[in-house]
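Starting off, we have a lone chain in the form predicted on its own, written out as structure tokens.
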């Protein structure tokens, strides 16, 4: 159970940051200059963000379930310390455990320009230590305004090198995914995970006419979601990320999920800043890695 009173005493900012609790899950409600966001303390998962006067930019399923220990459909889940299925243990959770365990607020406060920044650290337990027996503290820094900035910081506190994969699995809200183009990946190679799992090369913008699950490798490019229905563009910049994942489950797969919502797939697209496949990160003892993203909206 989250101690909301203690969080509000230690970190609350009148008119800018408050903490609440629902069904055993804690939330941080952020009202910054020019933007607002909600962050679930389970997974340090941003579940809502929008600049002032804008429609939601982060998509959350109408059927999303907030249950301790379970992943939430939508938002910006942290996939760590592995992306996708575990390399050797099929019973371990997909995309790692970071999105399903509590994170601790370590710092929070306003910046001089009116932005609000929070820092979280993942809380390990006996189960996570068995699944990932490495001394590798991880933090997430979230900065809210008319832009949203996320920074995932992993440190190797052990005595041996370690290799991990990771992603910020952000769901973006769009008016109609059938009218969306994702620009910035022209010419990039990708692993097509739908069908025969072939390696292909992107030609032109990414369009959506069916299930899409692609891992673009060796790319640090800015991506732009061109949302014709809502007449806006979502810019995604990143550093410390060499993979980009583009995903939409489409009709049949969405129906099997149970928490996507009726026609939910039409209102979302995932463009994920990642390090996976051949872009896995290896950290020497004492080293750290920072995966940073920035989101902004333009007309």
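Residue numbers count along the first chain shown, from 1. Source: prediction; values computed, not measured.
Heads up, the form predicted in complex with ligand BG6 isn't pictured, but that's what we're talking about next.
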{"query": "Proximity to ligand BG6 in the predicted complex (heavy atom, within 4.5 Å), stretch among 166-174, 125-133, 221-229, 101-109", "finding": "166-174"}
{"query": "Residue 32, heavy atom within 4.5 angstroms of ligand BG6 in the predicted complex", "finding": "no"}
{"query": "is_contact(residue 117, ligand BG6) in the predicted complex, heavy atom dist at most 4.5 Å", "finding": "no"}
{"query": "Proximity of residue 139 to ligand BG6 in the predicted complex, heavy atoms at 4.5 Å", "finding": "no"}
{"query": "Contact flag, residue 27 vs ligand BG6 in the predicted complex, heavy atom cut 4.5 Å", "finding": "no"}
{"query": "52, 149 and 298 each touching ligand BG6 in the predicted complex (heavy atom, 4.5 Å)", "finding": "no"}
{"query": "Option touching ligand BG6, based on a heavy atom within 4.5 Å in the predicted complex, out of 60, 40, 245, 37", "finding": "245"}
{"query": "Sole residue of 181, 200, 193, 155 within 4.5 Å of ligand BG6 in the predicted complex, by heavy atom", "finding": "193"}
{"query": "Residues within stretch 265-289 having a non-hydrogen atom within 4.5 Å of ligand BG6 in the predicted complex", "finding": "272"}
